[in-house]
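Have a look below at one chain only, the form predicted alone, in structure tokens format.
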Amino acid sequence: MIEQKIREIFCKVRDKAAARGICASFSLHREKSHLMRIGNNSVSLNTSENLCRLDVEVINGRQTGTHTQMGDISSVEYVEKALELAVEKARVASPKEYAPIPVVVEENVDESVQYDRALENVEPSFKGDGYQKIIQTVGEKYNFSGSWSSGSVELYLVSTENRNEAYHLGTDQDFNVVLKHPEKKWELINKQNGWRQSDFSADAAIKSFQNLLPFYEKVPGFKPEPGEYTVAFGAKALAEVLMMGSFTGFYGRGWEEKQGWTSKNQLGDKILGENFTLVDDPACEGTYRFGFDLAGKKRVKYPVVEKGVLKGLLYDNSTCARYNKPQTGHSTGSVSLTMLSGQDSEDMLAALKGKGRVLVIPALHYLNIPNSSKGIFTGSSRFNALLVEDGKVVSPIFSSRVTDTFASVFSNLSLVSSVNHSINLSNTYGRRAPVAYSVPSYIVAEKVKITDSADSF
């Protein structure tokens, strides 16, 4: 649990504010973050941060005021100063068109089920040694680059609505290394993530590269002509497509404003294939588990799509207030979206026997959305892409662009892996708010549109 001194400071200010009739919430966000980057086979950046943020929100009728302060929580006066600034901001704020919903911590929470002290305090030398082992074993004739983010997040939340307290402590990491041929310019990538230091393995990265290198070194690349193909998307590509599809199709704000690709649908409509099921499951080990959101709502398993049928939308607190919807526990960037596994072999090549020609695309580069209302996404196969025929690898693939719709891809799944992988989708450029999706290790979609291919990698 959080230090007793900080807990007492927060609770004292909260209780004094409640006695004055102030509607307020107080949250602490504390992070330890470390980032290492490598370029040209050596460390190019090695930096760390230890940050503490205090966020205060005050609701005065239809007026709100928020204030954030950076620095250690040292005294009651420090928090009271932030409160008074938020009170003043609420006093002069323009009224909203709707009545904001106060933060209510539904029950006491004290969670640290995904916390690893070793990862929180990992030495830079551990990361440097890991990269060095990969580079020296695979071969220094290649050019290696990559990044490795790791750290911890603490969240502590109270409000004047009751005396409950919610606390979260967790660790996460996101590792990647890219191998580039200095003349031929093709690139291979290995990514790993998890919440324990032991989730990283240099040997796993080495094995991944050594399995792919013979094809890239010895076999000419294949250029797919524009058209429709059977495509096997790896877990990384799947998770990123699913993240964009969720943002533009399964969030309440976009649906209410008729901006998303599901806006024409209602709950209960069949929108995707029978073998597609998506849930937000904060108990799923393959995600970063948060038991409460920043509105104090207890997060529970929440169905989004069940066997292709739209079951639920994800609403943040302000959207609930604006459109008079019940809270769903999604006032958070750290959702735990999980696509349920299928019944097909964990061994993708074995599953592809008899499928004929298949483009295997483990990851998509520069993924974007040309049209969110139609659910059109686009991205290029840059890393590790292979042409497979009847379950046998034939050649690497030149950079090829996928441009299709979420509805088409997820309505035409012929194979879904029986094993799920955890994929880190965190944004490392803002405050630390780790998010990971749990998705099948691969899916195979029919009639996927390849709209362009390069003449090289």
Partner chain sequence: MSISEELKQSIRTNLKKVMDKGAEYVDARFYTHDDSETLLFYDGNLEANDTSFESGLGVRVLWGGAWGFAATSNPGEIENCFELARRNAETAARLMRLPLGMSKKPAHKSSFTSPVKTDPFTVPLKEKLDFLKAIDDRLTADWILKRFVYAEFQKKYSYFFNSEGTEVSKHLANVFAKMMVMALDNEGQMQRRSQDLFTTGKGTRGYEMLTQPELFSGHADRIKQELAELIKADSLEYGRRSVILLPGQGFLQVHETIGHPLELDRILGYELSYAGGSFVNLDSFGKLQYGSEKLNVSAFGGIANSPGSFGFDDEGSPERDYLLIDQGILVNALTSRPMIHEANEVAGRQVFADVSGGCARATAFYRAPIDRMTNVNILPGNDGTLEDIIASTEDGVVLDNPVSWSIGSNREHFHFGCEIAWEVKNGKKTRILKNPTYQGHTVEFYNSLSAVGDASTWQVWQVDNCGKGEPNQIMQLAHGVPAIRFDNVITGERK
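Residue numbers count along the first chain shown, from 1. Just so it is clear, the model here is predicted, and its values are computed rather than measured.
From this point on, the text means the form predicted in complex with its partner chain, which you will not see here.
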Answer for Y131 alone: is it within 4.5 Å of its partner chain in the predicted bound form, judged on heavy atom distances? yes
Would you classify K264 as touching its partner chain in the predicted bound form, given a 4.5 Å non-hydrogen atom cut-off? yes
Please tell me whether any heavy atom belonging to G146 falls inside 4.5 Å of a heavy atom of its partner chain, as the geometry stands in the predicted bound form. yes
Exercise: K218 in contact with its partner chain in the predicted bound form, heavy atom 4.5 Å: no
May I ask you to choose, among P326, G354, P370, P214, the residue with a heavy atom within 4.5 Å of its partner chain in the predicted bound form? P370
Interface residue in the predicted bound form among S418, T405, N46, S414, criterion: non-hydrogen atom within 4.5 angstroms of its partner chain: N46
Of 69-77, 272-280, 334-342, 291-299, which is the one stretch near its partner chain in the predicted bound form, taking non-hydrogen atoms within 4.5 angstroms as near? 69-77
Pick out the residues of 436-454 whose heavy atoms come within 4.5 Å of its partner chain in the predicted bound form. T451, D452, S453, A454
